[in-house]
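Have a look below at one chain only, the form predicted on its own, in structure tokens format.
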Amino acid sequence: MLDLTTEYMGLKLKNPIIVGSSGLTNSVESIKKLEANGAAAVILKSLFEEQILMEVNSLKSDYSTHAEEADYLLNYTRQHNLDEYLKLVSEAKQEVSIPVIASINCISSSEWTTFAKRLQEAGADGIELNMFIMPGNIDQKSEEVEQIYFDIIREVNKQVKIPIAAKIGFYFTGMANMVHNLAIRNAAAVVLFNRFHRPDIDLKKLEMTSADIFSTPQENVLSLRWIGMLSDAVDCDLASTTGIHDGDTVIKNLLAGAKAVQIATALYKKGPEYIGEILKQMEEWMNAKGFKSVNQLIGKLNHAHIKDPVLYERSQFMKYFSSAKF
């Protein structure tokens, strides 16, 4: 019997497959189906900091001349959203045995951080902080942007004892140093990488639009590189996300040093049953190569265990292709 178990954020998982924060994880029934098909954990669909603020601001403008009524409606709206999310956490924990990790999409360390304690009380096994501060302000220094991330981790850690994961993007000058600093600030895990909204332009209508929201397998190489470089260097777990569409890609990320992977697009396209197919692909490869457990795979081909680590570090073209015949 193969041992597919792994440990992530201090949580024992029956295999490395986590269903990422998405519409797939926004109801108890859907979460039950994911567990039945082999998911080892779920990240709940994110509650957005902006979502609450937008509703508050909208009601303020509508009821600006009726202060008492506005205050009542603002409090009710916020409480309703939060209560719905807490209900999802609580009911999911009652119905499934796999870890249920809450998710907050946040851009500041403001008053929302107190809500983390209520997630813990509702039974969440952990919290994933989905953070992205666009470094688009020319007057804002890189260390100022990074400090926002550190402040969020600090404030949430004040509220809870359950593990926290930081899901981040790749817009950092010093990625290695950034992940290290998240780890020493008690991020139990770092998830690489966030997949952002991708703008496009419709030339016929002459207007802004959105590019494809689904990932492609080719997108995983960025996560694979950084996990391979950092998994032996930082004191936290790493998880890979974006572009993971089959068992082979899961194995590659484990070999690079990921403790777990998050998938979503593949399940949107092929259904929750596809988790079983991914696990089958993993087992077939492990049997063929003589591996008995997932733990034997993790980090086997990371930066510290390969003969030529420059294969991870080198991002340019010339060294490896200058002699190629085109």
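Note that residue numbering follows the sequence shown and begins at 1. Predicted model only: the values in this text are computed from it and were never measured.
What comes next is about the form predicted in complex with a small molecule, which does not appear here.
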**Q.** Contact stretch among 88 to 96, 148 to 156, 112 to 120, 241 to 249 - heavy atom within 4.5 Å of the small molecule in the model of the complex
**A.** 241 to 249
Q: Would you mind picking the one in 134, 213, 184, 176 that has a heavy atom within 4.5 Å of the small molecule in the model of the complex?
A: 213
Q. Is every one of 253, 295 and 302 within 4.5 Å of the small molecule in the model of the complex, counting heavy atoms?
A. no
Q.
Given that the small molecule is not shown alongside this chain, does residue 45 nevertheless sit within 4.5 Å of it in the model of the complex, heavy atom to heavy atom?
A. yes
Q: Report whether the minimum heavy atom distance between residue 34 and the small molecule in the model of the complex is within 4.5 Å.
A: no
Q) Looking in the model of the complex, any heavy atom of residue 108 within 4.5 Å of the small molecule? A) no
Q) Going by a heavy atom distance of 4.5 Å, is residue 21 a contact of the small molecule in the model of the complex? A) yes
